[in-house]
Each structure stands twice: as structure tokens, then as C-alpha cells.
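This document opens with one chain alone, in C-alpha cells, the form predicted alone.
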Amino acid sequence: MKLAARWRDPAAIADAAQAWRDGRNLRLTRVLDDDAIATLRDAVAALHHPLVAATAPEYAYQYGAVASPPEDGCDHVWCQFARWWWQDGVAFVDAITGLRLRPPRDRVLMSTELRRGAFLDPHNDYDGARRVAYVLGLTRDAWAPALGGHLEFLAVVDGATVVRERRAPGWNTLDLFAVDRDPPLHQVPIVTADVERRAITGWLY
């Protein structure tokens, strides 16, 4: 795995770092080399994503997911990417955020699959240890926000919850947002069409 050429340019990193300082929430585009992102997406799509779900009154969600750490000596694309992400990927996010981040202690990587009926209710990801949330987009297709599946950042205005920013499922995008203090409330509205949202998601500590 390797970063796209643009992200090996110190000037591009400096620009992204400034955008991070301005809002601690940004989307990067064309993150990985074209061949690398295509290979990763195909390998992830071939994995079985069992349904995971929870209901109210706690945080409610429903989506497909597969999660595991990279295995020693494993040459599967999943393991190759996980080893790269927990080392070079973390260093890349460090360079943008200026934080000294680390992978989760169990080094588990998670792929998510959202199809019709999948959703994530409003939540903020805060747990006292997480510092930065990430979403690596593996979704080639595009669809209207009304069909669900978009990442929505929320705000409370005059007592009402409104969508402050909406990001479509991305292809070769990397969403980064801070969740260590004043974490943003966000959601993924229920998918109401026969579409497929794929991403690799998680947190750095």
C-alpha cells in the first residue's frame, strides 16, 4: 500500500494541517494510489460482513461489519493494509493533525458495509481515550442524500437538531475528525435504496 503522489508532497501536507487546525474536521481526497485503493476495495468487498446492531435507549445502529487485527505472515490484502495503516497510515494522520497518535491496543481494523436498512443514530464517538475518528471511503457509486447513507454532522440551533454538514459516501477519501474534546455529533441516516456504502472506519488514540 502507498499514498497517492499528491500526499507525498510536503506542501499538500502543510495545507491539510492548516485545514485541520482551522476546524479539526476535514475530508481528504485521492488518498491512496489508484491501484492500491481498487485492490483494497475488491478485497474488502469479498469478505463476509455479518450484521451488527443495537437498539435504543442506548445508541442505535445497524450495519454489516468485519473486524480483525492483521495476522503475522498473512499476505491477504486485508492484513497488508492493516499493517500499513497502523504504521504509515498513523504517521500520515500524525503529520496532518500534529498529534502523537497510536493504533488501538488490539490493532483491530474494521470494514463496514451499509445497505438498505442500515443506519447509525446520532452519536459523538467520545469515550475518553479516542482522539481522532477516521473513515476511509471505498464507495464508487453516488446517490442523493434523500436515500440515506451520507455522513451528517449535526448541530443544535434554537433547540432543534439540524444538519451542519453532509458528506456523501466517498471513493478514496479520508474523513478525519477530532473526538477527544467537543466531539461532533454525527449520524448516518437509514439507507432506503439498493445502494452500497463501504468504508474502513475506526479511531486513533
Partner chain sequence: MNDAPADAVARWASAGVAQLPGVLPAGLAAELLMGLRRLPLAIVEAAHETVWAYDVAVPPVRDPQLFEPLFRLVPILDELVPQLASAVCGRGLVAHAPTTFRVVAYRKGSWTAGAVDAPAGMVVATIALSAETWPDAWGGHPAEGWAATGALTLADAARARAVPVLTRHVERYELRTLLAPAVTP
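If you're wondering where the values come from, they're calculated on a predicted model, not measured in any experiment. Numbering follows the first chain given and starts at 1.
Although not depicted, the form predicted together with its partner chain is the subject of the following passage.
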Check your understanding: Want to guess which of 8-16, 190-198, 21-29, 177-185 is within 4.5 Å of its partner chain in the model of the complex, heavy atoms only?
Key -> 190-198
Review point. Are all three residues Lys2, Ala43 and Ala46 in contact with its partner chain in the model of the complex, where contact means a non-hydrogen atom within 4.5 Å?
Key: no
Check your understanding: Does Ala56 make contact with its partner chain in the model of the complex, using a 4.5 Å heavy atom cut-off?
Key -> yes
Review point. Going by a heavy atom distance of 4.5 Å, is Leu51 a contact of its partner chain in the model of the complex?
Key: yes
Review point. If you check in the model of the complex, is Gln62 within 4.5 Å of its partner chain, heavy atoms only?
Key: yes
Point to revise | Interface membership of Trp84, its partner chain in the model of the complex, 4.5 Å heavy atom rule | key: no
Study note, to complete from the structure: None of His76, Arg116, Arg107, Arg102 but one has a heavy atom within 4.5 Å of its partner chain in the model of the complex; the exception is Arg116
